[in-house]
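The chain below stands alone and is given as structure tokens, in the form predicted on its own.
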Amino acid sequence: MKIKLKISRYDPMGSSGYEPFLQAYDVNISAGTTVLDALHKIKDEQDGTLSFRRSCRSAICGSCAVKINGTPKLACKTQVIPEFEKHSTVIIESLSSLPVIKDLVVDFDAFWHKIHKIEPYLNPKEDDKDLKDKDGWWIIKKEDALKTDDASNCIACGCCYSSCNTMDADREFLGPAALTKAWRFIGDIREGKTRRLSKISDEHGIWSCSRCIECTEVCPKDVRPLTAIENLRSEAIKKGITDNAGVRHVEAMVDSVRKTGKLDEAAMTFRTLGFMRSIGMIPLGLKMELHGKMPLPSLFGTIEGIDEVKKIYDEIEKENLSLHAINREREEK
């Protein structure tokens, strides 16, 4: 069947200038034809100037990541006909949040800069006899390896980076791919330093994630970047890296629900940002109030059934104390 593919074109050195546009191509598509196959057909048979990246054709290298009908996907893994049947069109664009070099080819310099920023290598403990055999080889149990197994499957395709909503608001945010790579090493039982964890706990790091889940939704390798970020947050708190707005916000939220059964967002702002910075947020708070986005402060007591909420907290604390005792016993051995 013949399907019209609309492809984003952009050539800063050509006659089109600096304005990207969609160009349509009619392509004969058969069952099983992937978007990458279609791009090759267009380049080989209709327009040799079309530019795109590709390599393995096996969903391993990540080179062919593009936006297909608005969603970041691997062109080699995505079939044309199902996309057309679902959306009644096939629009292929370059990844978001990265500068376009030409057509579907984007500049990954910022992406790789953030990967390098988290120090993507292991900083092993200098001496830990309990984790090594008599010959000095590391002993890694299955359950320990599984902690970082998902993160190890990242192919650095940029799909999560392109879909990240936080990236739209904060270009300095490290991004889901870099933070997932950080968990790959920080979550490794051989890791011996906390410096890296401290660095990514600062501004533009783990606490800047808005938890929109888009990164996990679009990942072609089921890496679950959001889970990696949540693991990093948990590890930071365990290591005592708590002097930041992110942790203060979490603590304020936990206390608010424990005491009242609901979120007192006005009070949480003061605890998270401090008095002076909260004063500067008053204009935004007034706008939110006018649009019904700012609940009234919890001045009128607690919700019904608050005792049940407190019981949940008590049970969680008991479980945490038990786990802490077990871990401390292991460390002493």
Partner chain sequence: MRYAYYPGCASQVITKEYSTTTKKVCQILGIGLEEMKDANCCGAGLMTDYNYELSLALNARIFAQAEKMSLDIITICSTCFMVMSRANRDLKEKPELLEKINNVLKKAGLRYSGNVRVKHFLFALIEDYGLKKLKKMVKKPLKDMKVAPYYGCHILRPSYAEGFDDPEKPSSLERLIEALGADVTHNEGKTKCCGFQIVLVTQTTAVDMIGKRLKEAKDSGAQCIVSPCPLCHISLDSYQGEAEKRTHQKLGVPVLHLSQLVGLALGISANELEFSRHLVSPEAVIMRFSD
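Residue numbers count along the first chain shown, from 1. Throughout, rigid core stands for the largest set of C-alpha atoms superposing within 1.5 Å between the two forms. Just so we're clear, the structure is a prediction, and the values are computed from it rather than from any experiment.
The form predicted in complex with the partner chain exists for this protein as well; it is not shown, and the discussion that follows is about that form.
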Checklist line | the partner chain in the predicted bound form: contacting segment from 133-141, 152-160, 259-267, 189-197, heavy atom within 4.5 Å | finding: 259-267
Checklist line | Heavy atom of H249 within 4.5 Å of the partner chain in the predicted bound form | finding: yes
Margin query: Would you classify F111 as touching the partner chain in the predicted bound form, given a 4.5 Å non-hydrogen atom cut-off?
Written below: no
Notebook entry, point to check: Taking the shortest heavy atom distance, is E230 within 4.5 Å of the partner chain in the predicted bound form?
Noted result: yes
Item checked: Partner proximity in the predicted bound form: L284 to the partner chain, non-hydrogen atom cutoff 4.5 Å -> yes
Check: C209, C219, C76, L104: which sits within 4.5 Å of the partner chain in the predicted bound form by any heavy atom?
Finding: C209
Notebook entry, point to check: Since exactly one of M253, L98, L122, I81 fits, which has a heavy atom within 4.5 Å of the partner chain in the predicted bound form?
Noted result: M253
Next item on the list: Given the partner chain in the predicted bound form, answer whether the residues M1, S55 and K147 all have a heavy atom inside 4.5 Å of it.
Entry: no
Notebook entry, point to check: Quick one: core overlaid, is A31 moving 2 Å or more at the Cα between this form and the one not shown?
Noted result: no
Notebook entry, point to check: Quick one: once the rigid core is lined up, does M281 have its C-alpha move by 2 Å or more between this form and the one not shown?
Noted result: yes
Next item on the list: For C61, decide whether the Cα shift between this form and the one not shown is 2 Å or greater, given a superposition on the rigid core.
Entry: no
